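Two versions of one and the same chain are coming, encoded as structure tokens; call them structure 1 and structure 2.
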Structure 1
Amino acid sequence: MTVIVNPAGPPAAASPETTRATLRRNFWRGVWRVLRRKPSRMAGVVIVALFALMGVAGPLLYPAQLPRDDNALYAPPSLAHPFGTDFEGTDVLALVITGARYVLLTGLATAVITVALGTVIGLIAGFHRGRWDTVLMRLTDMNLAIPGLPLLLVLSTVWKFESPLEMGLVLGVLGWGGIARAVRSQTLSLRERGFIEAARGLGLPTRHIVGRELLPSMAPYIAMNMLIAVTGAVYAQVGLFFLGVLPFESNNWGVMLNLAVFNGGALTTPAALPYLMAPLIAILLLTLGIVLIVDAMDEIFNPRLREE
């Protein structure tokens, strides 16, 4: 990557393998440097790592059936229950932690599908141009123009989105337009650059040009979009559960929001307020963590943004 400026520089006669390894080491050193310079970025990494841990280990920390306490319905926050309890006396913090898996799994599935579809479609359109380009870009325009949320609402009448993966699939299929557009324009500009022309002049196969030359230069950009796609997925699926148009199969943040607002009356009486605030704070923190990381990545890969 162009970011790495190693004053010593690799020995000129190094074999390709060591050059690659040095590059990689220097790259990670650069990442570390950018992260360390502003503590806020470290905070971003820590927050997202914590949420990932929550998604993986959360449900293992608690029994499958969370304990209920009929004597402490909507208990106020205390040491035992930092966010109080819900309408059946279950600890709200435990609900947030166990509910993270559903939300994060959907986010992950959505991000992978969005990015895979968007990258492939953008690459084909930008690389082959011509008729393929026209057809694919019309499709992309369509994908961008149809508003996802109303469509999801209407789809919820025919489709129950039973598992997080299913939900991620639908969200991914609805949301690839932006990435496809961006990847296409990047491809169009990259394919005229010297190193791609050189590769083509050497007669390297398309597979090599796309996989080894084009994709690596777009990888940071794609990774950033993948993270942003996670926030989009959280927005949509938590929102659908909040509106109450999906059946409550399992515990997750959207279900909590729905029950707090429409059953607990959290918007009129303070009793259910902690129950409402806990998932809200979780979503806010997750978004903050992702935004901080994207911000840092932007600076790692865009040296022009750095202003010493």
Structure 2
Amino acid sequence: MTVIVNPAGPPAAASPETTRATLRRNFWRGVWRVLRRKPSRMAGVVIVALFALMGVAGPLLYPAQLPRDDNALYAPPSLAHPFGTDFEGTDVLALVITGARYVLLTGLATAVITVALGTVIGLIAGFHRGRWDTVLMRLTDMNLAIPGLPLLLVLSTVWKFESPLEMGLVLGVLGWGGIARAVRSQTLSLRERGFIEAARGLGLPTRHIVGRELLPSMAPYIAMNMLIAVTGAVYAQVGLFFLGVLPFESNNWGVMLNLAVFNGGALTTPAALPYLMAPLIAILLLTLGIVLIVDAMDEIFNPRLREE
């Protein structure tokens, strides 16, 4: 038998930086493969990117006070006004674009606060169990039992909600209970897995086990909940403005819906119908984009779906 000896010696082990870079490249290649597999998922990414661009750059395209045309009240859709005009002769498309920033910022702030509070409380309760679990879950039950709409009615008498961050803060503080419950259940399941037991056996500190072992395993679940929380926040704030619960201190899609229905009579007269449909189409498209991205994320982070 002939033995071949490599004169250069055994191959050198890859450095941690090289290994991490390879993992990152493989991950993004997998993401690209999943997106290409279904064009609808790519469409979802494009839709959400367009709305993000609308929220960031949209208000910069128009003056702070949108121009009005007293001779074109409730004008029908045309090349100059693709969605017509409102009761003041203002272009409805401009209102949708400039109103997107408040809606998107509120949705993002709500999702971040909701997911951060829910994840921290659910992780601590599920990992430590015992007294921590009891106290935190009773706190979660209290959060779930808070009547959101009556509380917002009371708050709206003293709080104008001029900033989307203020609105997001209130909705986020009121809405973390469901995610805390779900994260606790996931944590209770994961803490009995072998890799967590091995980490405990090695004597690793709790901070390392939760931050390096438990949290990365739950990251896909948390990311998907964050996207879903954005849609919930959009529905909540638009619904509150539509009902007139909150004062109209800023332009957003909920205010447009309220004015179209209660001032313009969009449900009884066709003249104001484009004014009503424009924000509804925007909400529908945004929700569709997020749902398509969640579908892609489900396959990216679920090995069983990838194998199929």
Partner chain sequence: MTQTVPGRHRAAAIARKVAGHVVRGLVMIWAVATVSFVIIREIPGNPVLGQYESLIQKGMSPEQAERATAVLYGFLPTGSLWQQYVGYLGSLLHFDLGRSLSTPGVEVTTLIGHAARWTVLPVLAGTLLSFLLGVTMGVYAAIKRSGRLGDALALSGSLLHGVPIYVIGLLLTAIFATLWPIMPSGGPVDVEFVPGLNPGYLGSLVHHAVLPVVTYTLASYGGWILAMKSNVVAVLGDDFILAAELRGLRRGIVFRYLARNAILPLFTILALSIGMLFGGSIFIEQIFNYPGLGLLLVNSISSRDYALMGGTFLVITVGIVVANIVADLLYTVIDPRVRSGGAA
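What you are looking at is a predicted structure, and each value in this text was computed from that prediction instead of being measured. Rigid core: the largest C-alpha set superposing within 1.5 Å between the two forms. Along the sequence of structure 1, residues get numbers from 1 upward.
**Q** Does the form predicted alone correspond to structure 1 or to structure 2?
**A** It is structure 2; that copy is the form predicted alone.
**Q** Residue 153: with the rigid core matched between the two structures, does its Cα shift 2 Å or more?
**A** After core superposition, the C-alpha of residue 153 moves 2 Å or more between the two structures.
**Q** Where the rigid core has been superposed, how far does the Cα of residue 162 end up moving between the two structures, given in Å?
**A** After core superposition, the C-alpha of residue 162 moves 3.1 Å between the two structures.
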